[in-house]
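Quick setup: one chain, the form predicted on its own, written in structure tokens, and binding and motion questions come after.
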């Protein structure tokens, strides 16, 4: 429709005149900049017109929109042409970048510790090597041999510090591992001498190459009878990791995490590579860096592990982390000691943020608390708007594609985990599953225990809730039963993936199924030297059965899974104790029981396949 036709429609004699109050002051606008998803109201303000005028114009074009409706590029251009305005679309930039873009004075730079990422295939010994280096046991309590959370640790090597990022080796954690490589200075690629190069080994190498990070190959498990380091070198040389002794530039170190052989040589190799790179930072400026991990602790609030990459982080600093902000109320190092400042390359756990950030977010310290708050609020607003646009656009696209194809199906899933990084990894793993045109749609992924709001969202979305190392309380469980929401609980990621794949193939046929018999609340604890900790409990739901499996749950998070040691009513052994009665119980090989903990009893029973 021509420009004159627009004006004809807008200037009809019988049209209701716009009152003087509604009239905008006539200021000639010749050009505007706009971002994707601009609404009718926002465009009206930019071009100094009434939103009602634009709505009427769009209506004449056959588009029934409201003041809050987003406009596509074509409609923006049509409106601007009508008023003789030149529109220019620009990328929506965040109000303030948290990346460190300031150029440091060379005189202020000081040597900093190298940041090392240990990567490689699952079960090749990454955590065992780190464990041997730190001389402490971090592998105990892990499930399926996988390090479930990214950890960051500092060790002393010949009087110099080295920071290690411990990233999981399973392919489901690809995103976390890629993030680890992006903040690192040196990658250690761990390959088992008796196993050789595997798919995750290649992925780890690709991530390091993409990040342009120098690699050191640790040929582990040299103590095994079938160890063949030359086979490893042959395979890796085909991936452009040519050993130094063969004329290449990649350092290979034969080692054994079990015996400790070669580990000192590995550490010294890290220092050699770091010395060549001449790693420096400016400790006298305001700190910037990256989030390694984040979780919500019921007692302490949001707890975030930060890696300081430049500057020095001080207790009391005003900080913006992603879209969150706060003051550093408490700062602890990897040994659990409270500290007042953290220099470059140091990982610290920080308390004081207003919300849980996402692992991989940048952080930046601001000199003024008001500035920090304003930047965080602006970033949060941008984040919410982007999510809103992405959600609505995705829903419409999915709907239209499903209508067009007629056979695409989705399995909506809501993921809850004990920490943010694990939630992301579980969601990533599940979303990769595709069976005969059926896809997994992750509608929410977050850290924390399963809540009633999660159940309500799952109910309206017809979704399944996957809990990873978290447990719902009795109220949430009852709500899920009422709403018909299925909650699947796991602590091994392989099983969650296999279960989902089997269900999607229509082959879900479990032989045994875990049945929760009841829950008891710990009211009092008694320590007896020969017995351990006895928990004085009140059974609050169902019944606790002797010789059943038990979980100790604290603030919705599973602390320990094991077996019931003993169950007593007064002085007598009991076969079972039902709801409303008190009892005493012990847990085999576990004594860290506290008042307020929940002890959940469960049994495995055979079920017929559906």
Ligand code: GDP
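Numbering follows the first chain given and starts at 1. Everything quoted here is computed from the prediction, not taken from an experiment.
If you look for the form predicted in complex with this ligand, you will not find it shown, but the lines that follow are about it.
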In the model of the complex, the one of 258, 285, 327, 233 near this ligand [non-hydrogen atom within 4.5 angstroms]: 258
Identify which of 112, 364, 207, 121 has a heavy atom within 4.5 Å of this ligand in the model of the complex; exactly one of them does. 121
Within 4.5 angstroms, counting heavy atoms, which one of the listed stretches 444-452, 223-231, 313-321, 77-85 is next to this ligand in the model of the complex? 223-231
Please determine whether residue 254 contacts this ligand in the model of the complex, using a 4.5 Å cut-off between heavy atoms. no
Is residue 128 close enough to touch this ligand in the model of the complex, meaning at least one heavy atom pair within 4.5 Å? yes
